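Next up is one chain by itself, shown in structure tokens, the form predicted alone.
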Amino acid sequence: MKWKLMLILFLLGSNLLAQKKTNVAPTPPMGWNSWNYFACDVNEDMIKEMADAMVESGMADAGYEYINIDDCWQIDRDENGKIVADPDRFPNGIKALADYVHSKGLKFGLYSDAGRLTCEERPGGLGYEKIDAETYQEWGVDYLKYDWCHHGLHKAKKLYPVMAAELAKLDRPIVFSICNWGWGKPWKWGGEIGHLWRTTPDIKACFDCGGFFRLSVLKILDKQVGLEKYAGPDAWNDPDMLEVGNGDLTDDENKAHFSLWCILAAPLIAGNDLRNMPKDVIEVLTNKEAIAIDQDPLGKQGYKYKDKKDFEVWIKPLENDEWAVCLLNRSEEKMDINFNWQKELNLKKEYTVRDLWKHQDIGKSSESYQYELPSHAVLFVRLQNP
């Protein structure tokens, strides 16, 4: 009898996992999150201004849609266990703020944690998954980032399905973002319960620097090798939010960072101050030709095709038998490259080669291309049908 009961429980658990709403994130989510730039300094007025800026900057027109508040919006629970927003920071409440974001034609996201407390020691979701899910639906939440602090001895693979099951019961589709920093290899199980999952510790605003708890762009890139087979529609590897426009990243580094995240079919979640963007940062974040690579309907994550130490080739299959290609210079020095697309990539037919940052065709794939590739830069192209 014991084994029969265990089988029933297993099947019930499997059915719960299978209930994840599909077609919620058929392509990688695009939006903005408060953490990278503002950390705990979040409030109602700032979030409204970010929604305004997303529309006014052209980002909404380019495909960005989520305005997500990270940690520190919550302060307590009431006598019924319902989560309470900080009344000083959010005097009109979360529902009113979500309504404002929705009025801009955008979607609204919140943050919580699978543990008893968030990483900033605000109330977490452990034990309150049902009431929290229902509250998020009541407020009009469209996206939930679920962190992994103060979880005790619980295992992520066991704890995340609890909230996933509650979200699956709702009438409202909510993107479920698993944020356990790659611990326990979530790419192997996250697709059953979530729409995206973090693959690494947090990103930091540098292209190639040291760090353990926060990693540079290149160190995060290196950790994506081999993960491409786990990604697809409604199930995306998440190498963390964009640092475009933050820190001391150069224009070439911003473009390389953005290009590589597009090749990876990564969620494009901006993390800068949208209200004060210079023109070059706006141009990077709103490059529709680059974004089209990330959002390609085929839903394939790109992968590293060749590794020649400081020179790497990353490719991504696209619909209609087309390809995206990134030639990456990791070094501190410029390099001269002579690249024959047909031979180097073993192509079976000829393509038109289009430079996605110059927005112009630069030749045929049967031709060798000579180019001076600056330090920490990419040549990002689409091999498109003639």
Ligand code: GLA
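Each residue number is its position in the shown sequence, starting from 1. None of the values given here were measured: they were computed from a predicted structure.
Below: the form predicted in complex with alpha-D-galactopyranose (GLA), not depicted.
The stretch among 111-119, 188-196, 310-318, 253-261 whose residues place heavy atoms within 4.5 Å of alpha-D-galactopyranose (GLA) in the predicted complex is 111-119. Proximity of 70, 202 and 241 to alpha-D-galactopyranose (GLA) in the predicted complex is complete: all three residues have a non-hydrogen atom within 4.5 angstroms. Residue contact with alpha-D-galactopyranose (GLA) in the predicted complex: residue 179 places a heavy atom within 4.5 Å of it.
For residue 147, a non-hydrogen atom is located within 4.5 Å of alpha-D-galactopyranose (GLA) in the predicted complex, even though that partner is not displayed. Taking the partner from the other structure, alpha-D-galactopyranose (GLA) in the predicted complex has a heavy atom within 4.5 Å of a heavy atom of residue 35.
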